[in-house]
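Single chain ahead, written as structure tokens, the form predicted alone.
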Amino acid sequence: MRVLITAGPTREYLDDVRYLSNASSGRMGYALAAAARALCWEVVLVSGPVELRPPAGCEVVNVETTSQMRDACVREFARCDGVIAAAAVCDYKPKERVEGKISKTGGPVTLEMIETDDVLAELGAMKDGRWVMGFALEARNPRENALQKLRRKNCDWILLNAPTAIGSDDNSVELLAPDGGTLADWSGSKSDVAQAIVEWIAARQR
């Protein structure tokens, strides 16, 4: 089994020194990579900027922006059997990046934002027999929004978790199928949850 795993946040720069991002630690994605390696899977880990050591034996592609993550994933997915998309990518970026550093003016600053590349949707569109597992971190109408994301992005399954997962050592996830059914749910340390997820996938790919 060869699997693509995305992890960590992405950054979208306002100018040469400031950026938009989020508090993702990358722990969930790195735990998934470690669990996959424990099953002797080949792992391509596409990682945003985090302060974690990649699990031994992973092929690591370090990226910073959402566009870079998209390019790396599209390139690597073609030689993988599936993807677990655990990264917390920025959904928006400034319409224009300012060269240098934006100076204070004493007044308010208005930013015009545009959507970034939808990495998971692009992988879902090109899966062609590969499996796609996404993550949905939702605060409002969580189950409904997660299922909409699953169907819109052509995932096989989606893992619903809450904003409390960001930066935490623990996680609680619900695995949803396209028909809206709950296939499994796991809680505990991210390492334990990752092991359960990978073992669930392995049982269905034999």
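Start at 1 with the first residue shown and count on from there. Because the structure is predicted, anything quoted here is derived from the model rather than measured.
Heads up, the form predicted in complex with cytidine-5'-triphosphate (CTP) isn't pictured, but that's what we're talking about next.
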item: In the model of the complex, segment of 174-182, 146-154, 52-60, 38-46 with a heavy atom within 4.5 Å of cytidine-5'-triphosphate (CTP); value: 146-154
item: cytidine-5'-triphosphate (CTP) in the model of the complex: contacted by all of Pro142, Ala162 and Ser187, heavy atom 4.5 Å; value: no
item: cytidine-5'-triphosphate (CTP) contact in the model of the complex: Gly134, any heavy atom under 4.5 Å; value: yes
item: Heavy atom of Asp117 within 4.5 Å of cytidine-5'-triphosphate (CTP) in the model of the complex; value: yes
item: Residue contact check: Asp91 to cytidine-5'-triphosphate (CTP) in the model of the complex, 4.5 Å heavy atom; value: yes
item: Stretch 70-102 - residues with a heavy atom within 4.5 Å of cytidine-5'-triphosphate (CTP) in the model of the complex; value: Ala85, Ala86, Ala87, Val89, Asp91
